[in-house]
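Okay, so here's just one chain, in structure tokens, the form predicted on its own.
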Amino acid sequence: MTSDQFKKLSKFILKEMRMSHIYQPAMLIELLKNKGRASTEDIAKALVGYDKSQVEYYEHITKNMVGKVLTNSRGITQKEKDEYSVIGFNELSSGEVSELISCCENRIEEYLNTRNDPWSHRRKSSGYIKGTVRYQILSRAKFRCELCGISADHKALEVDHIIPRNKGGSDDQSNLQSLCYSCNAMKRDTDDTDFRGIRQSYEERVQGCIFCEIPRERVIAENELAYAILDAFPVTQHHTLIIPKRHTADFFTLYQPERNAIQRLLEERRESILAIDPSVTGFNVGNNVGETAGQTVMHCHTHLIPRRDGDTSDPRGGVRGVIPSKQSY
């Protein structure tokens, strides 16, 4: 016979629960799996298990740091495809396995006792508490990654040591910077690059540059680092220019995050054009780099040119047509 409490809970879960995230059902799962009770810490650990961004972060740590040390440097583990194993594990008794686990736990405890919370500088929970070091660093960075520029609203930020502690770096604020978890994972603790100036450089504009001073009404799409406009002298209908907001000369002077931002806008604009104009059957995508290559505005811009069947008598060769005699081959 179905209990009244089961009916109440199932009704809430299936019909009444209003979700802005996965947190409510994830918390209930943890409680129900543990006889109806669980500590705040256990619930928090369960929530982290659903956070793919954190899983990806520690997968990166596993493959590129600890996994390499234990496998390549120390010969303690081995890797086959995406799985690690302890070399010679089958030779260990269950008692020996338990003792080794205990040894590892003791080493962790010893390490934590000698460090004043090694994760204190990156705790998200203290990110918005005024007066904390984390708040001061993130506030200084305007709550953005100082490498890629993404905001805390879109990706979790961490406070990172510029000079790693294993290279003698201090916990002083002058040695801390704000990075999103992706940039911090790629940086690793062997890189002492100071990214703080990069964030500022994203704001660089040049007076008199038509792409630095583009009227807002011309912008048809944008993201944090780039924007799109319709070409003023289009080769074909819907000819679009994708332009980095930072004033920079050409494609080869772009930062990788700007290239990513331009790529996203290229894809978005392509989808929009295909949705509104079924006559489009192809695209040319390209950059003019330098006067010799035909660049007339010395602020990087990428052309997205829609193509249609029959818009030219012989389209063969495409961008090879920049030198007409070389287009056909």
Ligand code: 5GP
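Numbering starts at 1 and runs along the sequence shown. Being a predicted model, the structure only gives us computed values, none of them experimental.
This protein has a second form, the form predicted in complex with the named molecule, left out of what is shown; the following refers to that one.
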Give a yes or no for H303: in the predicted bound form, does one of its heavy atoms lie within 4.5 Å of a heavy atom belonging to the named molecule?
yes
Please tell me whether any heavy atom belonging to P278 falls inside 4.5 Å of a heavy atom of the named molecule, as the geometry stands in the predicted bound form.
no
Can you tell me whether F211 touches the named molecule? I mean in the predicted bound form, with a 4.5 angstroms heavy atom cut-off.
yes
D250 versus the named molecule, in the predicted bound form: is there a non-hydrogen atom within 4.5 Å?
no
Heavy atoms within 4.5 Å of the named molecule in the predicted bound form: which of the stretches 76-84, 230-238, 201-209, 138-146 has them?
230-238
Answer option from N260, T62, S272, Q295, heavy atom within 4.5 Å of the named molecule in the predicted bound form:
Q295
Listed residue (R218, R107, K167, H154) with a non-hydrogen atom within 4.5 angstroms of the named molecule in the predicted bound form:
R218
